[in-house]
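Coming up is one lone chain in structure tokens, specifically the form predicted alone.
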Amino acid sequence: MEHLYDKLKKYGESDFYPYHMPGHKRNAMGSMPCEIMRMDITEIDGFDNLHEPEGILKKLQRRAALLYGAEESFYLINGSTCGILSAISCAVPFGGHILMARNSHRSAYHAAYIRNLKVTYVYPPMLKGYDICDFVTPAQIEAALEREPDVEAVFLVSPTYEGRIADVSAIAEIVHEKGIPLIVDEAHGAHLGLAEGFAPNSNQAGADLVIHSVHKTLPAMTQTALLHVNGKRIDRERLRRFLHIYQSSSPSYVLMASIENALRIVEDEGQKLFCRFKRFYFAMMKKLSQCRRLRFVVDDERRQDVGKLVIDCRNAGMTGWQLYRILLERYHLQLEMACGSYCLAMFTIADDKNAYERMTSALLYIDEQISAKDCREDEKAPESGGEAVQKSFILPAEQERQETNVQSVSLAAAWDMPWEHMRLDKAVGRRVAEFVNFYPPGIPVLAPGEVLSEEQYLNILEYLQQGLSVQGIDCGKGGENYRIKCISKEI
């Protein structure tokens, strides 16, 4: 079969002259590599059209569906965000009702806003012994659907940002008994179901719509993703309509070639690469089990994604952010994220043995130094922190014990209401008018219309004082200058 990259490269080396977009005309100008510019084209003769595929792009999307066990797959060059927006918009009518995991990415909230949806949240439990969200359980979904019989679709996150994998098969059965579709944001699981020893992906588990970020866990360029559709509960023409809306009308052929290249690697070398991946990862985890202060979330019956290294610091006398900075500045190891009591590193089939050895060596040495109480003074937890730094930043603290919560005002209405800036310390008890989220991972701590609690205020303040990225807060020079948008007319 003809490959898109090879076709682009051959065309770039030909004598066809471009009297069309893009404006660089396949010439290297400035610092961009010539090879990329030569392959960067628009929908010209012989290269198909992503929005009406009839040739090579149609064939490539069929191959993607076959690889993932889906009935139909779509290339996305606007990331998983585009897929989530399209999936929710297609599955739930305007003004409809969706049951959504509260640890969903902000793009799911944006879809609810755009479509004026009523949102019922399902709150995942906390993973026992750690400050991270676990997966949503089938029992939670079943109970929520019994309480909310008018729900028209269920939106689930699996794996979670920290790698917790839900029982999607059991959840799909429960959801389908109600005659409604299950949407799974599997952005962090593009590698699942592609080799022996890994959990199945959500297509194989029976979900109706599945979103994969190819760039997150496979060797593809940033912004590449896939949307898969299965069964008869989804109107596919309607799905295409929303893909036309949310997907760029000028899709990047370089990005599409990157998707194909990643999937071709899996097809040609996947078993060998995934076998090596698991061997390196579990060898690292065996060595890290020697740590006395640092702890790690380990695989438990395929409910923890291999490749997500969650490093818990609660017994180490430091915050996740401090360990993050040590690994970055001393060892030149750039992690994915840091939170109050943990940080996160990601591994994929693209990592070689050296990547695992560097991380293992660094963490073993750091743990040894911590155990010997030989940390430098500037690596100790800040005095102002208290226990607040150890709490999860993911969910509204006062609602963690609730399985579901329906806002008294819709997200769409709250986000459009008149607002005013307030000092953060004066906003406790007020409904916020803007999303507040820790980035990464982009999961809202507060959504428009939700009430800022005292506990949330303390947690947000702690993270701001640590210098972490908290979006939705206007920062001044000190705590008294932190400001937040609140709804000016109380509901």
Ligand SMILES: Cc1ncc(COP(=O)(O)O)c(C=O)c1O
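Bear in mind that the values here come from a model prediction, so they are computed numbers and not experimental data. The first residue of the sequence shown is number 1, and the count goes up from there.
A second form of this protein, the form predicted together with the named molecule, is not displayed here; the remarks below concern that form.
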As a check of understanding, the residue in Y324, Y161, F274, F242 with any heavy atom within 4.5 Å of the named molecule in the predicted complex should be identified as Y161
Name the residue from Q140, Q304, S213, Q247 that puts a heavy atom within 4.5 Å of the named molecule in the predicted complex. S213
Using a 4.5 Å heavy atom cut-off, which stretch among 286-294, 356-364, 118-126, 79-87 contacts the named molecule in the predicted complex? 79-87
Contact of V157 with the named molecule in the predicted complex (heavy atom, 4.5 Å): yes
Report yes if any heavy atom of H105 sits within 4.5 Å of a heavy atom of the named molecule in the predicted complex; otherwise report no. yes
Although the named molecule is absent from this view, report whether A187 comes within 4.5 Å of it in the predicted complex, heavy atoms only. yes
Within 247-268, the residues that have a heavy atom no more than 4.5 Å from the named molecule in the predicted complex: none
